[in-house]
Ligand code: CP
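Just one chain is shown here, as structure tokens, and it is the form predicted on its own.
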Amino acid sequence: MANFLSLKNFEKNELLKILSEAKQMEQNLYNSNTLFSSKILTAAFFEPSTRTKLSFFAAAQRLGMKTLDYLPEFSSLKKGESIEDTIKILEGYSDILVIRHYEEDIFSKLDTSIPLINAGNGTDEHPTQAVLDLYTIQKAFSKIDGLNFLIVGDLKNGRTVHSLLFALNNFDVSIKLFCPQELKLGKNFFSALDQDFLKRISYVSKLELTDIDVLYMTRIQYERFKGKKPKGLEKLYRLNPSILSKAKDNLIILHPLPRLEEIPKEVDSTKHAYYFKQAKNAVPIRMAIISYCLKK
């Protein structure tokens, strides 16, 4: 058994094996699967979620598993129970735990005998989303190496961006970053990346798509701001027809969703819009991650 908490120390071969298994899962998605029919997956989400939680439930049920949905607002947390005690209780009812929490260091507080999957911990990471992103990219281009990325939005608070960069650290890719000045990645973040990879990362001052293969858009994480919250920062990098008209023919646009105003709805009908396909890919990739955790 294995946890799935961070992509910082994942190796390329491990990631490629998960992507390969996800492909097999997708090819047999609608066939009856009893691989883990005796297992129970519990989701404990202490922050809101649509795609991540429901796709984990769908993935588990496609694998023949039962699912439990822990709801903090109706739990003994309201009576003062600690998060550590809560997780110990859930461990006793489950074979694998999927946890989303607002604290960056939440997993350092938890000690369980069953696998833990990180479904997002504060502004730190969202590792299963990043593997989902890789899977979508691989399906679109039949490769990941050699591609040019432009990652846009709230880079400071966006945990999806953090995990994606940790994942791409394993590949031969070029990365440009574009964001509002106050939302750049913290200097400490780069210390976790390889020096050769850092040479292929740069900030840009314009939203230009001429040489970009993968445009990765993110929303502003307004819920992470302390004190007075600004409004409408995403308008600084909003896509429009003029920007897209200069894009490569095979450019794909990804977004972990939900979106604000950075991608107007008229983009949805273009050949570049891949974010709904990306969301659908969550089921086979999370099936593969569950399998990885239970079989390793």
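Being a predicted model, the structure only gives us computed values, none of them experimental. All residue numbers refer to positions in the sequence shown, first residue = 1.
Just so you know, the form predicted together with the ligand exists too; it's not on screen, but the next bit is about it.
### Task
May I ask whether Pro48, Thr52 and Leu257 each come within 4.5 Å of the ligand in the predicted complex, counting any non-hydrogen atom?
Per the other structure, all of Pro48, Thr52 and Leu257 touch the ligand.
### Query
Is the gap between Ser163 and the ligand in the predicted complex 4.5 Å or less for some heavy atom pair?
No.
### Message
Please determine whether Thr218 contacts the ligand in the predicted complex, using a 4.5 Å cut-off between heavy atoms.
### Response
Thr218 lies outside the contact set for the ligand.
### Query
Is Lys176 close enough to the ligand in the predicted complex to count, meaning some heavy atom within 4.5 Å?
No, Lys176 stays farther than 4.5 Å from the ligand in the predicted complex.
### Query
Does His101 make contact with the ligand in the predicted complex, using a 4.5 Å heavy atom cut-off?
Residue-level check for His101: no, no contact with the ligand.
### Task
Using a 4.5 Å heavy atom cut-off, indicate which stretch of 84-92, 186-194, 70-78, 125-133 touches the ligand in the predicted complex.
In the other structure, the partner sits against 125-133.
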